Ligand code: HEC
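Consider the single chain below, provided in structure tokens and representing the form predicted on its own.
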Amino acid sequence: MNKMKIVISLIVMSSAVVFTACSHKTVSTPKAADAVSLSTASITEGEKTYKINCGKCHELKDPSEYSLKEWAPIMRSMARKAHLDDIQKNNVTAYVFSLAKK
């Protein structure tokens, strides 16, 4: 498994832990293999959401122009302004993080 898939898997699994901890519902933890395919789906959905929602208000930025450290505060601020729900925010974050400069 390459480093990017590991990073994305960790992001997805961390999100699952946060949602589980903050939710009153019972959520099962995905297996590691499921997390990788889920991360691919998250990235794909995140790209769609990024292009549709973020492009409504401004020119889209190339995700590779920013590092993970630079994207984190951008995502916090812009997700709120774009009224993204938690799933959309996590998907867009997975997308931009997957392409962020190293």
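This one's a predicted model, so the numbers in the text were calculated from it and none came from an experiment. So that there is no doubt, residue numbering starts at 1 and follows the sequence shown.
Below, we turn to the form predicted together with ligand HEC, even though it does not appear here.
Novice: Considering non-hydrogen atoms and a 4.5 Å limit, does ligand HEC approach Lys61 in the model of the complex?
Specialist: Taking the distances in the model of the complex, the answer for Lys61 is yes, it comes within 4.5 Å of ligand HEC.
Novice: Indicate whether ligand HEC has at least one heavy atom within 4.5 Å of a heavy atom of Ala41 in the model of the complex.
Specialist: Although ligand HEC is absent here, Ala41 would stay clear of it in the model of the complex, with no heavy atoms inside 4.5 Å.
Novice: Residue-level question: is Leu68 within 4.5 Å of ligand HEC in the model of the complex, judged on heavy atoms?
Specialist: Residue-level check for Leu68: no, no contact with ligand HEC.
Novice: At 4.5 Å between heavy atoms, is Ile74 in contact with ligand HEC in the model of the complex?
Specialist: So Ile74 counts as contacting ligand HEC.
Novice: Since the partner is left out here, which residues of 74-90 would have a heavy atom within 4.5 Å of ligand HEC in the model of the complex?
Specialist: Going through 74-90 in order - heavy atoms within 4.5 Å of ligand HEC in the model of the complex - the hits are Ile74, Met75, Met78, Ala79, Lys81, Ala82, Leu84.
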